[in-house]
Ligand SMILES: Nc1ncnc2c1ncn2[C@@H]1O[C@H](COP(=O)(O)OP(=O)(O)OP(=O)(O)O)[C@@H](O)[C@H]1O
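What follows is one chain in structure tokens, specifically the form predicted on its own.
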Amino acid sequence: MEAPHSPAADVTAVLTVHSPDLMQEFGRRLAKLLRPGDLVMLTGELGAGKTTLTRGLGEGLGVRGAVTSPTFVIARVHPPLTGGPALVHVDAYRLGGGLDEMEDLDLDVSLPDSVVVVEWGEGKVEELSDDRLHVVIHRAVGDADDDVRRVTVSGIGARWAGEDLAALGA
């Protein structure tokens, strides 16, 4: 059962990202806001840029190893190189159930000391934390350039109250 949170603490920003390189740069900027214990859920269709964003997060967090899609291994842990938090990168695409099916991944154990990023996590990992960041990536409709994305970043819970998520677009 998900614990209630204060909707007044929720913050949202909508940004436009014009290329894969800029999506990766967005990830590097977002990483500066993240700290151990943060849960980031990524939502978007196949090819939307979830892994590209996570690659930027890994660069910004200064973690070891190439950040690639963990689709077949389900989860990868990237240890820190600089004393910051590890990055736990999960792809829940092939997991059908909720948190029960993900229990074997021990995400609740990893969360306090890591930044946990879950692709396709909506409806599956919300119970891990009352405070989370939900990033939804949409292909911009009506744009001739297929690389343009509309990114909605929502900070849910007290952790994100007062954060200026709109500054991520600067």
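None of the values given here were measured: they were computed from a predicted structure. One rule holds for the numbers: they count along the sequence shown, beginning at 1.
Another form, the form predicted together with the named molecule, is not on view; read the next lines as being about it.
Per the 4.5 Å heavy atom criterion, the named molecule in the predicted complex is contacted by stretch 113 to 121, the sole one of 113 to 121, 128 to 136, 58 to 66, 31 to 39.
Within this chain, residue 20 lines the site of the named molecule in the predicted complex, having a heavy atom no more than 4.5 Å away. At the 4.5 Å threshold, heavy atoms of residue 25 stay clear of the named molecule in the predicted complex, well away from it. Residues 45, 46, 47, 48, 49 are the ones in 30 to 49 with at least one heavy atom within 4.5 Å of the named molecule in the predicted complex, listed in sequence order.
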